[in-house]
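What follows is a single chain, given as structure tokens, in the form predicted on its own.
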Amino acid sequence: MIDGKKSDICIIGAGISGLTAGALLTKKGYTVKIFEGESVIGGRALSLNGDTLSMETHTKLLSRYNMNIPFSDPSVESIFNKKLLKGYTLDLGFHAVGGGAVSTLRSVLAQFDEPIDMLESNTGFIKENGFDIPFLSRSDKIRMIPQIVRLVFSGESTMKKLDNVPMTETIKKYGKGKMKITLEVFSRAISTVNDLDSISTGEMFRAQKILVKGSKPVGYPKNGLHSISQTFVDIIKRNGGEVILNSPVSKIIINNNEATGVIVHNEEYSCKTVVSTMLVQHLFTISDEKQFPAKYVQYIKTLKGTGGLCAYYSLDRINPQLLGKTFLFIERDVGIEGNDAVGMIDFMTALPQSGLAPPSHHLVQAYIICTPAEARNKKILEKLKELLDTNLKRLMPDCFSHLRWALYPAVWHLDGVAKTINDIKPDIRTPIKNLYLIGDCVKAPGIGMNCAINSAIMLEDILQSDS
């Protein structure tokens, strides 16, 4: 019997990557303890219960997850005092699952015979005088398919050559007609980066491969992101693992270039392997940077995340044509990095079966991409808020006459590390033996949630091959 203070694997953080890793590794027979500093599971993909959420708790959570609320309607104080969030489930920041039915999430849960009830949507495109749905017509696809298929299904050797080719060059080469706007919008939406000079062509087309399998581009779990996290927690507990809340790791123990455990609440927990899911830029707040090569420390500290301004609109009526659909938009010459800004407005969450709002209420989620620095700049955020509101009105001109409330969270770590040409994500292995990094900060296929889940799959493969 393994001692209560000993385990095979200690995982720091009960976000999507940590919970995925915990599920996969307990299935393989590892003894796993997951330490979560918060009182809730989910990490940055966190669902909040509007029935019990207080303004103080919300404000503190946002601060700890690199967020604030620069705008609301009515005031944040009024929203909480009048209990306007009752019956709602709110995500900490905007999240959608790329790939829908054939997403990495679905494939992992299928291993446990745990289906996830997912809403799925094709994407439309918002224009100045309305919208197109779908984004690409059948004739558009017929014209573009030969070029897209050739690029998407290029071998990995070709993809590696394209890793350092910015999307600006690819768009110049292939951007004819509808192909130009498609590449401009989807590359930004996939990478959550506006600057086309920074977006890697190789990474963009790797991310597209899953969509060519016939999947709808985006999905969202019924009843919110919490349903994903809770499913993984149930699997972990069933397989003998532990998820321990309110237990922040204060230190990773490193001896002779080897991680041997963690300290939680001044108690030492020994383990053979330590896995961190925290933002990699914060790694040295709980580990001695002198134990790492100086170049590695410098590299990790300079990595940048992605940012965004999100919006949650509560409406008492929705145009039935919009329900269940997702729309992209691009705004030109808005004076931010990359010059143009791409955003998304999602009506999947407005469906009654989403389970996110009380009866006769509809919740619409939206976001617009910016850099972490721009997410802290009030003047830029004011412009971005105006663009979000404008595009919602293009879809539904009378929307604000049906508004119950609106919250606009700004986030400067939407993705932990931006997947760009000049911001190379770190490997899962660290220079310290038996210390690994997973999450959307590391080098794994996909963006955001897909990257986080793929990193957990890769960790399982690494540990199995090393054992």
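Computed from a predicted structure; not experimentally measured. One-based numbering along the sequence shown.
From this point on, the text means the form predicted together with a small molecule, which you will not see here.
Looking at residue 325, you'd find every heavy atom of it more than 4.5 angstroms from the small molecule in the model of the complex.
In the model of the complex, the small molecule sits within 4.5 Å of a heavy atom of residue 12. Proximity of residue 449 to the small molecule in the model of the complex: non-hydrogen atoms within 4.5 Å are present. Residue contact check for residue 37: one or more of its heavy atoms lie within 4.5 Å of the small molecule in the model of the complex. Considering the small molecule in the model of the complex, the lone stretch of 49 to 57, 437 to 445, 396 to 404, 23 to 31 in range is 437 to 445 [heavy atom distance within 4.5 Å].
Candidate site formed by 124, 216 and 368: none of these residues places a non-hydrogen atom within 4.5 angstroms of the small molecule in the model of the complex. Shown without its partner, this chain lists 94, 292, 186, 131 as candidates; in the model of the complex, only 94 has a non-hydrogen atom within 4.5 angstroms of the small molecule.
Only one of the listed residues (90, 278, 351, 108) places a non-hydrogen atom within 4.5 angstroms of the small molecule in the model of the complex, and that residue is 278.
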